[in-house]
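Heads up, the chain below is alone and in the form predicted alone; it's given as structure tokens.
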Amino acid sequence: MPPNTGGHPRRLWSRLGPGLPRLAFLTLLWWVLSGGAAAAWAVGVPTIAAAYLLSLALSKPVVRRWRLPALFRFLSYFAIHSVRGGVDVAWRALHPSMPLHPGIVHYRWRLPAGPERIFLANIVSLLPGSLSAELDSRSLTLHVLDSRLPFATALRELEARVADVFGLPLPAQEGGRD
């Protein structure tokens, strides 16, 4: 019998650990779909296992490490800008002249390709006055209520905060409009 080097649990964890959130999601999804019925687990366990193995074959789990202090800073930034954007949109909607200048803005990515870009695009859509319209390998296209505003500056700051949350370095080059 080979000596126990203590490496086996780590290897097992390194293989299974990153996929556990996915497995938990599939289990939760089954629980919701089955209404929590105990009899449904006889079918649910093999179904969840098959779905989990298939998902691993199609897409390897990637470990993302969120930096909690940066996440709290980001959440406060997001809350302030959400309220500020909401007030601005309400003011524009209620103003007699409706000072709207809708337009399309293209912003060149500094974030590397991956879920962080999706996260940024979704955050932009949650902020009042802007909507992510298209993503490609080079840039993010936004629909904005007032294209005269300095969106490139705001997006650079938001992108830097997202990079901080994920602990990613950004290139020195400036992101901005195409």
Partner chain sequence: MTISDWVGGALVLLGMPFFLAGTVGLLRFPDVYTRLHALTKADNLGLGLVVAGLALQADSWLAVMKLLLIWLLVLVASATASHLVARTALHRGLAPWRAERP
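Throughout, rigid core stands for the largest set of C-alpha atoms superposing within 1.5 Å between the two forms. Numbering follows the first chain given and starts at 1. Because the structure is a prediction, the values reported are computed rather than measured.
There is also a form predicted in complex with the partner chain; it is not shown, and the following applies to it.
With the partner omitted here, the residue from 62, 29, 49, 57 that has a non-hydrogen atom within 4.5 angstroms of the partner chain in the model of the complex is 29. Note that among 66 to 74, 40 to 48, 125 to 133, 149 to 157, the stretch whose heavy atoms approach the partner chain to within 4.5 Å in the model of the complex is 125 to 133.
Interface membership of residue 36, defined by any non-hydrogen atom within 4.5 Å of the partner chain in the model of the complex, is confirmed.
In the model of the complex, at least one heavy atom of residue 141 sits within 4.5 Å of the partner chain.
Taking the partner from the other structure, the partner chain in the model of the complex has a heavy atom within 4.5 Å of a heavy atom of residue 92. After superposition on the rigid core, displacement of the C-alpha of residue 27 between the shown form and the other one amounts to 2 Å or more.
Relative to the superposed rigid core, the position of the CA of residue 114 differs between the shown form and the other one by less than 2 Å.
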